[in-house]
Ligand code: C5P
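Given next, in structure tokens, is a single chain: the form predicted alone.
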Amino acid sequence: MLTLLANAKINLYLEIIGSRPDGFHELVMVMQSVNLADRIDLKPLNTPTIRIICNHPQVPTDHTNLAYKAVSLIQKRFPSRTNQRGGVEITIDKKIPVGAGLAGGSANAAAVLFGLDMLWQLGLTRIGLQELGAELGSDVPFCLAGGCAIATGRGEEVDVLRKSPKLFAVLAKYESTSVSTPWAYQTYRAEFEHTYLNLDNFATLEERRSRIHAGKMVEAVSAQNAAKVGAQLHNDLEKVVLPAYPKVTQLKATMADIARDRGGLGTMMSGSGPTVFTLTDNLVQAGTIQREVRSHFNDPDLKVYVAPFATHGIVARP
């Protein structure tokens, strides 16, 4: 049996550029792994069976699970290798909140691809794994790369950045609240399509870059400047998610107020939400913010975590 840890991610930056011919959005994102991880156990089977076991009732255990789809994809692409080895039982110990904008499902799929490459000795490169991951979901390639990276295209084109500052994220999410990612992007398109760029109108790469604003965040990360990373947090999807989810709006405002009083660097919603996070460069400060957010809301439905920045997306445990 092989055990892996699959880290969550947060978006430090999410900018929607325009529409793509494939129906997705053209994005520029800066993504960061955080040390809030699901544990994935892979147990080889002697038959082609794919079996999913999970301790969270909201996680599907059938063919709709991304981890299941990852096995199915490997079996289809490498039939001569996988037929010799059979199937796999996947046990998911869920720690990443579900429907949270933290790429929990994508991280699980990435761990399965990574793990099966090891178990079945497929000899795939990281690029090869990421190409397979892109067929499963836009966040899977980043979850395989891990650390800090800029993601473009629909999110599947990943370029790892220089090591980011050693920061801590205080993450808060109402367990009973989830946001549909397709809904968030469709709603954004309906309201803001008139602002989209037609990149074909820009003749040079320099002209395109002048209209895209992620550069300051990339510079802040590359310089390992914690204060500037906090100052450059940006997420276009807040424009549609926050008005539709007043509890998330209130959560963000309260966390931002507490963080300002306790030395926090910045507060934002991650991805399509509804998780809100605050950054700090100090574990003691992170713990203080965590306790004060819990105390302020005093709501058992609100879960608050402290997660350090991580240098990897997937980690194999001995």
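Since the structure is predicted, the reported quantities are computational estimates derived from the model, not experimental observations. Residue indices: 1-based, along the sequence shown.
If you look for the form predicted in complex with ligand C5P, you will not find it shown, but the lines that follow are about it.
Out of 72-80, 223-231, 118-126, 177-185, where are the residues with a heavy atom within 4.5 Å of ligand C5P in the predicted bound form? It is the stretch 177-185.
Pick from 146, 97, 137, 165: which has a non-hydrogen atom within 4.5 Å of ligand C5P in the predicted bound form? That would be 137.
The unique member of 27, 286, 34, 255 whose heavy atoms fall within 4.5 Å of ligand C5P in the predicted bound form: Comparing distances to ligand C5P in the predicted bound form, the residue within 4.5 Å is 27.
Is there a non-hydrogen atom of residue 239 within 4.5 angstroms of a non-hydrogen atom of ligand C5P in the predicted bound form? No, residue 239 stays farther than 4.5 Å from ligand C5P in the predicted bound form.
Taking any heavy atom pair closer than or equal to 4.5 Å as contact, tell me whether residue 216 reaches ligand C5P in the predicted bound form. Residue-level check for residue 216: no, no contact with ligand C5P.
Contact with ligand C5P in the predicted bound form for residue 154, defined as at least one heavy atom pair within 4.5 Å: yes or no? Residue 154 belongs to the contact set for ligand C5P.
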